[in-house]
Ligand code: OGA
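Below you'll find only one chain, the form predicted on its own, shown as structure tokens.
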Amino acid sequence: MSHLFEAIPFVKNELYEKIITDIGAQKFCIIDDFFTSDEVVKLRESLMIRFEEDAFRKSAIGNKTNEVIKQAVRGDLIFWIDEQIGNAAEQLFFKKINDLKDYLNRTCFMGIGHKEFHYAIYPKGTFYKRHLDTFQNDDRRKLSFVCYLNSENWQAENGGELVLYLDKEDKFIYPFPGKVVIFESQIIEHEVKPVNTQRLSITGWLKTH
């Protein structure tokens, strides 16, 4: 009966290893194939269904104990995704996020115990000025995660670039569909440049207890 208690063999995941290596070396990682193109389409459709249900609200500055809406700082609309009652596309999203979380905890001992994610829509002309993804009264956010859900014909001139402010050279990232950006929440200041057409994404954080 002892074989029932044998540990499950560890299988190295090359994609997750790239994330670990890149974050260790430069504090961020950019991935083009974290989700398949079909999964991106399903998540985009899910976002639009939530939007049509009038479920989105204006974003705010600060955490839940100190929320202030400031259009001069950010102008996106958001909808928090509930893992417990999410639709099929959202459950698929969380399955992959949980798999990544478990891998990071097992290989890097990061102590990630919580997560929070929301859909984000940036209407034309909106932006999010330079900021850091942490709060004075809450420093549990460790990794920031962004997945872009824009249409397949998204063009660079549509704007909405994510700018990571780095020590040596700032990184400009265009929000092409399916692209995922992961970076250290407490270290990298970043900004969303003004968009020239509606911009869609999922944004969230992996957090310690």
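We number the residues from 1 along the sequence you see. Computed from a predicted model, the values in this text were never measured in an experiment.
The protein also exists as the form predicted together with the named molecule; that form is not presented, and the subsequent description refers to it.
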Inset, instruction - Check whether residue 74 has any heavy atom within 4.5 Å of a heavy atom of the named molecule in the model of the complex, and answer yes or no. - result: yes
Legend entry - Contact of residue 122 with the named molecule in the model of the complex (heavy atom, 4.5 Å): yes
Inset, instruction - Considering only heavy atoms, tell me if residue 131 and the named molecule come within 4.5 Å of each other in the model of the complex. - result: yes
Inset, instruction - Would you check, heavy atoms only and a 4.5 Å threshold, whether residue 192 touches the named molecule in the model of the complex? - result: yes
Legend entry - Option from 93 to 101, 122 to 130, 80 to 88, 106 to 114 whose residues, in the model of the complex, bring a heavy atom within 4.5 Å of the named molecule: 122 to 130
Inset, instruction - May I ask whether 149, 172 and 179 all come within 4.5 angstroms of the named molecule in the model of the complex, judged by heavy atoms? - result: no
Legend entry - in the model of the complex, the residue from 162, 41, 166, 30 that sits within 4.5 Å of the named molecule by heavy atoms: 162
Legend entry - Residues from 175 to 208 in contact with the named molecule (non-hydrogen atom within 4.5 Å) in the model of the complex: 190, 192, 199, 201, 203, 205
